[in-house]
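Here you get one chain, nothing else, as structure tokens; it is the form predicted alone.
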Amino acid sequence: MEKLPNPFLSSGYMGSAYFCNRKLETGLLTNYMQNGIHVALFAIRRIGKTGLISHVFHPFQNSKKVACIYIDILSTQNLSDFTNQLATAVYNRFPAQKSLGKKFMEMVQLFRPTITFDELTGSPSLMLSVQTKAQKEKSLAQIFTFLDSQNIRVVFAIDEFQQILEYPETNTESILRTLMQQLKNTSFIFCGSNQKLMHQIFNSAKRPFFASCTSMHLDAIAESDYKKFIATKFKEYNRTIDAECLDFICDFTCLHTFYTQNFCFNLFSKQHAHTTLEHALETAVEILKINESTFYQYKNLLTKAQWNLLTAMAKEEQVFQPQAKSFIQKYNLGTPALVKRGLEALLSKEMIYYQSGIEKPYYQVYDKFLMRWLSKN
């Protein structure tokens, strides 16, 4: 494969050469997948869960024994949308020219499928004509059952799975859990970026998916691994980068995958033979300046109290007790009740997140560039 002009990707997957570490997570997820174990993958937004799934699926892309199918259901509004997304993903994985693809199209003819093509990408989409509740459930069941009956192992990765809680069909969880129990050769990787809702689905004893999956938590890549990756990529393009520059990158982006990759993309694009801390500082200023208009738009979406709370959290970076008297007084945030309402609003808007599952849980601003911009203004 020919080298990319820039080795730092903030979206998409271009092979293992451009993928940083995740050896432990890759090994675990591959093992679970090959042994038919269902997985609930918990990860905050832009930390690299989609990239990890692509990395794990990549070796099986041409396999005749294992079919890996990925769908992102964030844009779906109901069970019909979900079924159409699923049918489209299956159709793309098994083209109609292939024998299994032909069988699949014959199977879905009952639901009078319509094939359309995206004007920009040319990618096909499959839409099934289902109206009643019974038809919706039947079409979904038939897709899963059809694939499960073939002489292959099927792995579905369903991204932004918490979206099913927004469906008007309030029994979607029960439908999917029941279908999942009936399948023998099919396993699932359920992942989502809204930690609170994902935990509701999989960790509440009152919900259908309770104790149905093995949990995996995706954290930031270790600093030493990321520094090694960045330095190696510069070296592969006959460039060097200072150690203090690497320190700054990791600190500035908090090792949050999207922001680290984005920063390195911008820094690398300057094409310095030797990259120094001064170059990194210049890049940081440029990134914040470019995004400034977006940051002001965020401000317009929040109340003054919410914006003040967000700014205070950015300055602290990690907030362990946001309703503590010392924190409230330090930033003149009003009352604990006002801060509590502000936290709830910022969490619902996904401006901040709560890092749980560790010894000392904390709140942090989601967008690392916004966090740095707020902390200096």
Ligand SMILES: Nc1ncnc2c1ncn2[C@@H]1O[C@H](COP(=O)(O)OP(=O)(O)OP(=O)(O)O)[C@@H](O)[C@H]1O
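Fair warning: this is a prediction, and the values are worked out from it, not measured in the lab. When you see a residue number, it is the position in the sequence shown, counting from 1.
Not on display, but discussed next: the form predicted together with the named molecule.
S.K.: I'd like to check something about residue 44: if you look in the predicted complex, is any of its heavy atoms closer than or equal to 4.5 Å to a heavy atom of the named molecule?
M.R.: Within the cut-off, so yes.
S.K.: Is residue 258 a contact residue for the named molecule in the predicted complex, using a 4.5 Å heavy atom cut-off?
M.R.: The answer is yes: residue 258 has a heavy atom within 4.5 Å of the named molecule.
S.K.: Taking the named molecule as it sits in the predicted complex, is residue 19 near enough to touch it, meaning that at least one heavy atom pair lies within 4.5 angstroms?
M.R.: Residue-level check for residue 19: yes, a contact with the named molecule.
S.K.: Is there any non-hydrogen atom of residue 193 lying within 4.5 Å of the named molecule in the predicted complex?
M.R.: Judged by the heavy-atom cut-off of 4.5 Å, residue 193 is in contact with the named molecule in the predicted complex.
S.K.: Only one of 100-108, 209-217, 165-173, 258-266 has heavy atoms within 4.5 Å of the named molecule in the predicted complex; I'd like to know which.
M.R.: Comparing against the named molecule in the predicted complex, the contact stretch is 258-266.
S.K.: Which of these residues, 126, 221, 73, 287, gets a heavy atom within 4.5 Å of the named molecule in the predicted complex?
M.R.: Of the listed residues, the single hit is 221.
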